[in-house]
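Next comes just one chain, in structure tokens: the form predicted alone.
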């Protein structure tokens, strides 16, 4: 039995290269989000497409955050965040939060309110999920933050902003 297992391992194809993986991921459309937090360690936010639903009981989503990102220590210190899903007309804000722009300048570019957890909630977002980070797991270069949703605010109708083929695309919305 062990010999058969060793032979199967030897017959596996070579691992997918980082470049091939990134090129393939460019063909996976994803909603564009600005993830925010605030508290004793400061106010921080970043643009993310690596966000998805985990469970509806309890309502939980996940956010992937690179451990080398400058915002990583702030998010892990606060243990709360708000996922703000962007509308088509918020592309410039996505670029601002996705770059090296100072935090104060990022937040000055939009209107914010405070969510239940204290995290900044984006006025005009398609939907905002106010969350408590319940636990995290490290995989490769990233932490996967499992976030229990404590409150949701959504617009009645909103266009969606998605990232696909290394470009932004707008999707027309319908009344919810």
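Positions refer to the first chain, counted from 1. Because the structure is a prediction, the values reported are computed rather than measured.
In what follows, reference is made to the form predicted together with a small molecule, a form of this protein that is not presented.
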query	finding
In the predicted bound form, residue 60 touching the small molecule (heavy atom, 4.5 Å)	no
The small molecule contact in the predicted bound form: residue 132, any heavy atom under 4.5 Å	no
Non-hydrogen atom contact residue 12 with the small molecule in the predicted bound form at 4.5 angstroms	no
In the predicted bound form, residue 157 touching the small molecule (heavy atom, 4.5 Å)	no
The small molecule: the contacting residue among 144, 41, 150, 26 in the predicted bound form [heavy atom, 4.5 Å]	26
